[in-house]
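Before any questions on how it binds or moves, here is one chain, the form predicted alone, in structure tokens.
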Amino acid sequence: MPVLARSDKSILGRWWWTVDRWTLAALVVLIGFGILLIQAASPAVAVKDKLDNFYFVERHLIMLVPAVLIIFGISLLQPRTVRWLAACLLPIFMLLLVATLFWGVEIKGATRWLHAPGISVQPSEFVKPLFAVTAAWLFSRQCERRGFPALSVNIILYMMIVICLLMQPDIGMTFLVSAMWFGQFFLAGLPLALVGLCMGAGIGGLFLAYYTFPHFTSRVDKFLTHGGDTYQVDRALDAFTNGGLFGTGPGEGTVKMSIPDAHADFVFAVAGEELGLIWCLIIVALFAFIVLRGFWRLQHENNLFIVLAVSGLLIEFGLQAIINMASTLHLMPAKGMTLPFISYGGSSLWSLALGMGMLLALTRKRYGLNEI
């Protein structure tokens, strides 16, 4: 691409000189790691499923094209447009989320997917970033005290989403959405007297989930006692042991042959064996850089909506990466959650692209109040 002059007033020129190019570069590198690891991990899974060796590789590359276009297209928008986009799309995906309870396909004991000819959608993935931006708008409206019952609407939206997620059931996604929402609530001015109450409610919710949802009970028990079927986690740890500092080399790992979800939930184990500890730390550093860079961009921001929206998107992005990597390393109970931009997955990839596109749009340099 030719170098764009600072005086270039075209849409592309203004985008290039206002977007956070460091965050954009980090995302491109993460996507590159994803392509490499999908190529390394997915052929073994495809063979076991009696598919063409590069079936998942080809599908991942096909899904990556619209994901990149989503990131670029949404990053062109102004904050006002991002806000309305989230507010308009959230009701659609909430309806789809409710629809999964009636027409969703059960996979591994949970109904999270809607299937149509040639396509499968996990609505909860899209609800995450859309709710982060919508909740930020409602919190900011509440702080402005314009008479609109923004806090009540916000709480109702949160409760509706949590109830739908628990009915699927999806404890991990419930935790992720709750952490994001309470983080925004805290930044918006949650009274300190209620902070402890909310923390207690969160801990109580985990205990309630433990005694209510058998699959959650099983995963916690396996984590605490290392008893029962811990095959996938054991093999993932073997992968890191085999990889050592420098790894066995891309495509040379063997543990992926025996991990059912090597291309998805356990792709970090493939990175541990084939790339080694040093490159795994680089991947961790990329996630940390994106999160810290995003918060750094907010240091001089005086628009409450943007502060809350970006914070919510960063909390979701960072926590999702932590949950995936910690599960793989047996640092927390196993949870089927993708590693952002690295794991295989259509809904996850597109929803992450949606979230990062909105992040880039909201953190662009702005030179006029009319852009807010």
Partner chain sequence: MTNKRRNSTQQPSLPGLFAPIAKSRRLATPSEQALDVARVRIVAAIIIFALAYLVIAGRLADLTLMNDNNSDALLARPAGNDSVASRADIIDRNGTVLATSLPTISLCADARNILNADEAEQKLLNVLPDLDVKRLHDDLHGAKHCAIIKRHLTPKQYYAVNALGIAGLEFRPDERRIYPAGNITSHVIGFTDIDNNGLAGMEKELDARLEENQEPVTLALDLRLQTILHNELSATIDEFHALGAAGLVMDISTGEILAMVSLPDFDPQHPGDGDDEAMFNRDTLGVYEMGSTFKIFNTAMVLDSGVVRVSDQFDTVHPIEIGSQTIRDFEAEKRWLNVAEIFTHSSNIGSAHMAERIGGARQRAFLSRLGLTEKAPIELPEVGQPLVPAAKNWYDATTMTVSFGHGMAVSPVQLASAVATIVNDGVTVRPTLFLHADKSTNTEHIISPHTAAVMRGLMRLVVTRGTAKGADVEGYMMGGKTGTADKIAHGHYDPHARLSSFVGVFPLNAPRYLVFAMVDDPKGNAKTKGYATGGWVAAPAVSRVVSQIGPMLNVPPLEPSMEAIAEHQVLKPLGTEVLDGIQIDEGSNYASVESDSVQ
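Here the structure is a predicted model, which means the values were calculated and not measured. Numbering follows the first chain given and starts at 1.
This next part talks about the form predicted in complex with its partner chain, which is not shown.
Partner contact region in the predicted bound form: 190 to 198, out of 121 to 129, 190 to 198, 76 to 84, 205 to 213, criterion any non-hydrogen atom within 4.5 Å of its partner chain.
Contact check for I163: every heavy atom lies farther than 4.5 Å from its partner chain in the predicted bound form.
Put simply, F93 is far from its partner chain in the predicted bound form: not one heavy atom of it is within 4.5 Å. Proximity of D261 to its partner chain in the predicted bound form falls outside the 4.5 Å heavy atom cutoff. Although the partner is absent here, F268 sits close enough that one of its heavy atoms falls within 4.5 Å of its partner chain in the predicted bound form. Checking Q142, S178, T230, T111 against its partner chain in the predicted bound form, a heavy atom within 4.5 Å turns up for just one residue: Q142. Taking F72, F295, W103, F148 one by one, only a single residue has any non-hydrogen atom within 4.5 Å of its partner chain in the predicted bound form, and it is F295. Taking a 4.5 Å heavy atom cutoff to its partner chain in the predicted bound form, the contacting residues in 43 to 61 are V47, K48.
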